[in-house]
Structures are given as C-alpha cells and as structure tokens.
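In the block that follows, a single chain appears as structure tokens, in the form predicted alone.
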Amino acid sequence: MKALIETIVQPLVDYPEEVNVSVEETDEKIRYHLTVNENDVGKVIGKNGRIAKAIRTVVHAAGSDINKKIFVDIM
C-alpha cells in the first residue's frame, strides 16, 4: 500500500524525491502518514481536497480485503 501511495503522489509533485510515506499499524487500523515538500502540499490536496479524497478512495479500494480501517494523513 505504501508503494501505491508513492506511485500516485510522485507524478503530482515538483519534488518527488521528498515524498515519504510512513505506516502506523494497530489491531483495528492502519494509518499512512504522507509527507511532501511544503511547496507541494497544495498539489497533493487539490482544490477543495479533491485530489486528497481521490487518493484516499483508491487506497480504501485497494485495502478493501483487509479487515482494518485505513487512514491517509497528508502532512
């Protein structure tokens, strides 16, 4: 899943080498922390959060077979 997030985000940003995804997993949930360059945050979020919502939708669909809640935080 981490590679999926990186593959989606890297073409969107000006500094793809600074895209970092960390994972925090518990028994009930998996939380992905996406960090990008401060100049690229707007590109990842998009107008009214549309790109961020699309990223979250794809990640939820890819992880639908996992019986845990999945969260994607953009920092």
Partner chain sequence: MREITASGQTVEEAKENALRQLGLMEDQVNVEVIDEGKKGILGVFGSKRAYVKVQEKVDLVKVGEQFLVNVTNEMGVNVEVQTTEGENEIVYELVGEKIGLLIGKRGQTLNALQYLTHLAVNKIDQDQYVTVVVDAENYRYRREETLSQLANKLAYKVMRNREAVKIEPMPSFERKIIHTALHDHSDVSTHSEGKDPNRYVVIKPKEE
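Please read all numbers here as calculations on a predicted model, not as lab measurements. Positions refer to the first chain, counted from 1.
Below: the form predicted together with its partner chain, not depicted.
Its partner chain is absent from this chain, but in the predicted bound form, do Ile8, Leu12 and Asn48 each have a non-hydrogen atom within 4.5 Å of it?
Answer is yes for this spot.
Do Leu4 and its partner chain share at least one heavy atom pair within 4.5 Å in the predicted bound form?
Residue-level check for Leu4: yes, a contact with its partner chain.
Given that its partner chain is not shown alongside this chain, does His33 nevertheless sit within 4.5 Å of it in the predicted bound form, heavy atom to heavy atom?
No, no contact at 4.5 Å.
Report whether the minimum heavy atom distance between Asn20 and its partner chain in the predicted bound form is within 4.5 Å.
No, no contact at 4.5 Å.
Examine Ala54 and determine whether its closest non-hydrogen atom to its partner chain in the predicted bound form is within 4.5 angstroms.
Answer yes; at least one heavy atom of Ala54 falls within 4.5 Å of its partner chain in the predicted bound form.
For the stretch 54-71, return the residues whose heavy atoms include at least one within 4.5 Å of its partner chain in the predicted bound form, in the order they occur.
Contacting residues: Ala54, Ile55, Thr57, Val58, Ala61, Ala62, Ser64.
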